[in-house]
Ligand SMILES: O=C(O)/C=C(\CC(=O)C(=O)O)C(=O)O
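Next up: a single chain in structure tokens, the form predicted alone.
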Amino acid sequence: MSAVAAARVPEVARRGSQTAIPCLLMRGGTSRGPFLDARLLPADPALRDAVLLAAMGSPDPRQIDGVGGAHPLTSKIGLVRPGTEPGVDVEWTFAQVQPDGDTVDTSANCGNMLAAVLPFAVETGMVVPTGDRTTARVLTRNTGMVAEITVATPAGANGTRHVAYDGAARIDGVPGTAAPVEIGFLDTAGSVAGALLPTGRARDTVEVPGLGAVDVTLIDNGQPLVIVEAARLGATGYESPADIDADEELKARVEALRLVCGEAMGLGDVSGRNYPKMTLVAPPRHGGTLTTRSLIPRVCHQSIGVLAAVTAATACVIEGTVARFVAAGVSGTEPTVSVEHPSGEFGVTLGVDPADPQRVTRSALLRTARLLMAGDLLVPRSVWDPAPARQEKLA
């Protein structure tokens, strides 16, 4: 249970020669980044992006002058606000910054960072818990995707409810245990590419310069993916992320394939975009359904993204896909697909339409999140000076 609150919007202030923006640094799943109240930022997208780049310290491979973590998984931002549409409690925009890039990409999804959205909303008073479990409908503005998210919100000694971060839930790629964040995706098919199978086929053969004909599955159930057998690109599918990142020839083959597949999916020239993500697949080795190596898009993921896992799992239940060909057997109307990745495995429970086994109706999974730091995110006033009305903070 929850109640959407008309919380007071915090204020941006001056702190000496810098602009101070209220911020919570949060881990969501296997990603991490600052979360901000979207209402605080400039309405002009170009100025907003300049603020976010300055905050993260991009472009710089180390992001030494910002809070970015020098890796795509820790160079992410969540912009959250109360829902503005009927049936939506909270909405957010995911922003991906590349450490050495000078652009902000708000066209894709991130299911890992999504896990921290409701905790942020409770922490900031956008959502007020009224029971031991709080559920809210969250809209991802990037793609229009809606998810139902549930977190534990026990009452403290003073009766005030708070987000529980301690618990016994474990996800591969994150040390230790934490309280579960339950995520149910209501309708993710065609989130970016417009259809679950953008070409209308479970398997396509594309011509790639230097590679020739390559069989792929082009699919989007929350994340546009190109699924290809690792062996076709000269890999095993069991390499470590470090080995893949160090193999420039393999990465060049992957990128050449990605560019061709982006056009085939109707996404146009994707050379400057963070999608489609590339997923190299191989038979499972540890009792799961499928082994994956995911590139995002040019760096190998240490595990696999939430929505990439959902999409790869979906491909395992559709007849004729590349994933189905190498996957262990999957059957039933509510199968749980175990997606193996470099850090372990990711379980996704799917709902399959009994009347149409090629149609996936829903997906559910578990993540964890944690509040890491609360305070102000500082950017130079030369980047943005909103000249707030309230008194300037002491330096």
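Predicted model only: the values in this text are computed from it and were never measured. Residue numbers here begin at 1 and follow the sequence given.
What comes next is about the form predicted together with the named molecule, which is not displayed.
- Although the partner is absent from this view, Thr279 stays clear of the named molecule in the model of the complex, with no non-hydrogen atom inside 4.5 angstroms.
- In the model of the complex, the named molecule sits within 4.5 Å of a heavy atom belonging to Gly111.
- Gly305 belongs to the set of residues with a heavy atom inside 4.5 Å of the named molecule in the model of the complex.
- In the model of the complex, the named molecule lies farther than 4.5 Å from every heavy atom of Thr368.
- Note that among 354-362, 25-33, 323-331, 42-50, the stretch whose heavy atoms approach the named molecule to within 4.5 Å in the model of the complex is 25-33.
- For the residues Ile296, Ala202, Val80, Ala136, the 4.5 Å heavy atom test against the named molecule in the model of the complex is passed only by Ile296.
- Out of the listed residues Thr314, Gln96, Thr153, Thr140, Gln96 is the one that sits within 4.5 Å of the named molecule in the model of the complex by at least one heavy atom.
- Of all the residues from 74-92, the single one having a non-hydrogen atom no more than 4.5 Å from the named molecule in the model of the complex is Lys76.
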